[in-house]
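Just the one chain here, the form predicted on its own, laid out as structure tokens.
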Amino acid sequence: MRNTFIMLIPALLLIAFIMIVPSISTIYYAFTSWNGFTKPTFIGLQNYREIFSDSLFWKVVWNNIKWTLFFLTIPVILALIVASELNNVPQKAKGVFKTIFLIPYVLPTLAVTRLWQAVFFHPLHGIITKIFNHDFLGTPSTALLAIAIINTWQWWGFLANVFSAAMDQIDKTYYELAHLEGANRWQMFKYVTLPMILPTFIFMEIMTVVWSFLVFDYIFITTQGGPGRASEVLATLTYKTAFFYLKFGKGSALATTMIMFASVPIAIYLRLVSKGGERV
């Protein structure tokens, strides 16, 4: 036991250096006024008062909520439909399709977003721009939706693979019995497939909420929160506050607030598990 603990010390020190120390530092700086150069000045809850009284903050939170609602529905529905259809495909073909669907997910986010910007959403010659005669990324009312579409293209294939793997674990006897009872495909999905993959479904929905409140790269690469803050989210606002405006104290307060929002679904999930949800 002692030798095992000694072998774990390097890993524990690395974790402490990379995760614990920065986390504690962020919490500390959230209560200070600091520009990154001078000595931090302790100001208590002033940063949080400024954040919660700022209308921009609540606009940004609403953007995060809209983003979350989109990803809790559109990519999930698409992934469920495709995963359900894969059940009717021969095993070898299913592996090919699952690999194809997963390719966008493993591509670098920078490459994907730049490709979509240049080919589909370019304000002058983008394919989608020309079809709808509308600059989606350059218009406040549609900028966030356009970025969400880019993210969906890269994300739904991963979800489809997860749901398909869960469906593969379902005993085919349930489908045979449902077929004998006269159930159609929709009834089989509703009363057999969905209940059997419910633990996976709940977990992915909860993780989607967490990831949605931490989203940064897609938005920062495409619009940096514009136009007119229309696509600004908590992560981009935090980054700008700290590194553009050199308000590291306020940026740290925003970061801790963002983490608290993202922690809510995790707490709900742990609560479900603690109440006897082994299947959840």
Partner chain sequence: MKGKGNVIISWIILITFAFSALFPVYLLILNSFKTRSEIFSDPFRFPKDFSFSNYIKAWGYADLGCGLLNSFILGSLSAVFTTLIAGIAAYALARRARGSSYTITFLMFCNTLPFFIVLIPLYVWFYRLGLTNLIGVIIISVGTGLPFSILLLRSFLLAIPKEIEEAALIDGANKWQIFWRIILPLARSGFLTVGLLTFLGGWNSFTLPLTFLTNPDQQTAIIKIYNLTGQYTSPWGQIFAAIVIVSLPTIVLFLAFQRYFIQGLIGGAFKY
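The term rigid core refers to the maximal set of C-alpha atoms that superpose within 1.5 Å between the two forms. Residue numbers count along the first chain shown, from 1. The structure displayed is predicted, hence computed values, not measured ones.
Beyond the structure shown, there is the form predicted in complex with the partner chain, which is absent from this document and is the topic of what follows.
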Q | Contact label in the model of the complex: residue 214 to the partner chain, heavy atom within 4.5 Å | A | yes
(Q) I'd like to check something about residue 209: if you look in the model of the complex, is any of its heavy atoms closer than or equal to 4.5 Å to a heavy atom of the partner chain? (A) no
**Q.** is_contact(residue 168, the partner chain) in the model of the complex, heavy atom dist at most 4.5 Å
**A.** no
Q: Look up in the model of the complex whether residue 53 has a non-hydrogen atom within 4.5 angstroms of the partner chain, and give yes or no.
A: no
(Q) So the partner chain isn't shown here. In the model of the complex, which residue out of 76, 197, 148, 86 has a non-hydrogen atom within 4.5 Å of it? (A) 86
(Q) Does the partner chain, in the model of the complex, lie within 4.5 angstroms of each residue among 10, 17 and 238, using heavy atoms as the measure? (A) yes
**Q.** Stretch 229 to 259: residues contacting the partner chain in the model of the complex, 4.5 Å heavy atom cut-off
**A.** 235, 238, 239, 242, 243, 248, 251, 252, 255, 256, 258, 259
Q | Flag for residue 268, CA shift 2 Å or larger between this form and the one not shown after aligning core | A | yes
